[in-house]
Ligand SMILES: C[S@@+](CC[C@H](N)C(=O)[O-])C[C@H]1O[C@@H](n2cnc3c(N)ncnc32)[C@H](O)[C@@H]1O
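Quick heads-up: it's one chain on its own, the form predicted on its own, in structure tokens.
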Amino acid sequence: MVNEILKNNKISWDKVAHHFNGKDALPSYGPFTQTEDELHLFDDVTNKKVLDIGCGSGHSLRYMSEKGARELWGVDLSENQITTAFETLKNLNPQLFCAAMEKDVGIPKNYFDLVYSIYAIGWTTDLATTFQLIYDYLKIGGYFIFSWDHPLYPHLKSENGRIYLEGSYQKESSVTYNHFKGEDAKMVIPTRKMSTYINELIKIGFSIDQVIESDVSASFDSIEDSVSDRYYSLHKARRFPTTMIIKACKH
């Protein structure tokens, strides 16, 4: 079943990849969320070896290069995303792998100063294995930062501006989209509680440095709130966090 989900998600990601060129990339952590310029979660990355889990179009890695990172590594399920990432990172000698994040594809262990994932980690079909691999990739003293939908957010529905809860936050399962981004693309996304993410990190040996439930970025302060029933909207983001961001360290 898991392999079937990965296979179908891979096919679908290749269909929708063009929608995400340059989206959900650093310094952004997520829709309407404070940016790295506001949160300052990354330490100085000068001469650091960095690994991007779910690297997408490569724009977060380019950001890391601009900040002085020495080695750029990335993994993504979509071949089309990886092709775009190589173009985004041309002349920067990136090491990119087209693979599922929950698979060991030979990325070096005890090697990276930092691993990060911007709006990708929640796609994993096996959270414990993915976190274990990330822990293994890191050097002692290295750290892992990831952002993802706040686990409550998928349960928030909006109708004519009235926000209400739907479904069960307590029940962890998955959501299937048959026409993701309006394409003929079937996607399956697991749903998990925030405590599941935190406890899996602790179980593997990470120490939790910060947990952030996002507020709206200051860049939206001058924008007037208007009622919107879109999945991500400023109307909802000013009332509930769209994004969770967690920083964890390997000691």
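The model shown is predicted, which means the values in this text are computed figures rather than measured ones. In case it trips you up, residue 1 is the first one in the sequence shown, and so on.
Beyond the structure shown, there is the form predicted together with the named molecule, which is absent from this document and is the topic of what follows.
K.L.:
Looking in the model of the complex, is the named molecule within 4.5 Å of a heavy atom from each of 54, 77 and 99?
P.N.:
Contact check passed for all of 54, 77 and 99.
K.L.:
Is there any non-hydrogen atom of residue 25 lying within 4.5 Å of the named molecule in the model of the complex?
P.N.:
Contact check for residue 25: yes, within 4.5 Å of the named molecule in the model of the complex.
K.L.:
Even though the partner isn't displayed, in the model of the complex is residue 112 close enough to the named molecule, meaning a heavy atom within 4.5 Å?
P.N.:
No, residue 112 stays farther than 4.5 Å from the named molecule in the model of the complex.
K.L.:
Please determine whether residue 123 contacts the named molecule in the model of the complex, using a 4.5 Å cut-off between heavy atoms.
P.N.:
Because a heavy atom of residue 123 falls inside 4.5 Å of the named molecule in the model of the complex, the answer is yes.
K.L.:
Within 4.5 Å, heavy atoms only: does residue 146 come near the named molecule in the model of the complex?
P.N.:
Looking in the model of the complex, residue contacts with the named molecule do not include residue 146, since no heavy atom lies within 4.5 Å.
K.L.:
Out of the stretches listed (168-176, 101-109, 88-96, 154-162), which one is close to the named molecule in the model of the complex, meaning heavy atoms within 4.5 Å?
P.N.:
Flagged stretch: 101-109.
K.L.:
Do any residues of 1-19 have a non-hydrogen atom within 4.5 angstroms of the named molecule in the model of the complex? If so, which ones, in sequence order?
P.N.:
6, 13 sit within 4.5 Å of the partner.
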